[in-house]
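In structure tokens, the next block holds one chain alone, the form predicted alone.
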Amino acid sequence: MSNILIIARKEIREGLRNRWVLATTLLLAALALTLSFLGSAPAGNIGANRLDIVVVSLSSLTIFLVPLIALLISHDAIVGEMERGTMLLLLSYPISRRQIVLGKFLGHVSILAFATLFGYGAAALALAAIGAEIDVQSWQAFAAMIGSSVLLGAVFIAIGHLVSALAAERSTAGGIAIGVWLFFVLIYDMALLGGLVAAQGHALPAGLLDALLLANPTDAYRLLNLSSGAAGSLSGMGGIAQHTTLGVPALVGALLVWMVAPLVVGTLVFSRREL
């Protein structure tokens, strides 16, 4: 465990040196504050809590932004070390390849968690500072959104490590990472929507919609944050939730599986890779 923490601290220090932590925190904070004060302007007109509108806005933003940041942070975690020649140096110490992957994963998740917590937290603190009325349920929804956003980021960090273990060059890993982002964030949902339209209103077989939604981690995240309570009515996802049997445990479990599976496969691939 100590070796894993040493590698994690190394990744965090490199993130600080390369300004990744500062850049992602400032970016998320700037967007969160903008959405808080501009996106929540209609709150009084629709009778919604201002923080609920922020949760909907930030959840929609997270689906596009956090996976991209996670992949950019992690896509060269392994192949980058190999190209720089530092992987051989790391392996000359009494440390296993599994510990290297887990340490890098823990370090990258820590960077993203810090940026998400402080970036998005700035929005809630700003609303509280100006005296906005926020109830306990809204605070709980906001906290759940931050936690699930970190979990979604961890999913794509794990995918980034898998890509890095498979790719022969950093440039190839970067291209694959962008392709992965486009597929899960844009192409998959467009194809799913096209399939539903082609069905011409016919009901899907039992369980098929659930399986299709769980097959994409961004859809699981979307359902988790935008399908219940005030967020469901504001985002329009409440209708989809009525046609699925997926609850919070199933959605969180799906995200955990999406996080663990690529990490395990990436570790196995790296353990058999020639340096």
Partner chain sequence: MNRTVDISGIAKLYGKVEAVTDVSLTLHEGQTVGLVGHNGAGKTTLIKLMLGLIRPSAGTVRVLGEDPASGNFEVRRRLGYLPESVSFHMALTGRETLAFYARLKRVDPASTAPLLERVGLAVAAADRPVRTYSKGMRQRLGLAQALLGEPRILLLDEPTSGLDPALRRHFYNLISDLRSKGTAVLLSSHALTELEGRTDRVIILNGGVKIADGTLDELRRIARLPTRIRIRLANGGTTGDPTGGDSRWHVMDDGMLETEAEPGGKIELLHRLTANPARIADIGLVEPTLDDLYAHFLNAGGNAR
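Predicted model, so just to flag it, every value in this text is computed and none were measured. Positions refer to the first chain, counted from 1.
Separately, the form predicted together with its partner chain exists; it is not shown, and the next lines address it.
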With a 4.5 Å heavy atom cut-off to its partner chain in the predicted bound form, the contacting stretch among 87 to 95, 133 to 141, 115 to 123, 172 to 180 is 87 to 95
Is D189 close enough to touch its partner chain in the predicted bound form, meaning at least one heavy atom pair within 4.5 Å? no
At the 4.5 Å heavy atom threshold, is V269 in contact with its partner chain in the predicted bound form? no
Residue by residue through 4 to 26, tell me which have a non-hydrogen atom within 4.5 angstroms of its partner chain in the predicted bound form. I6, I7, R9, K10, R13, E14, R17
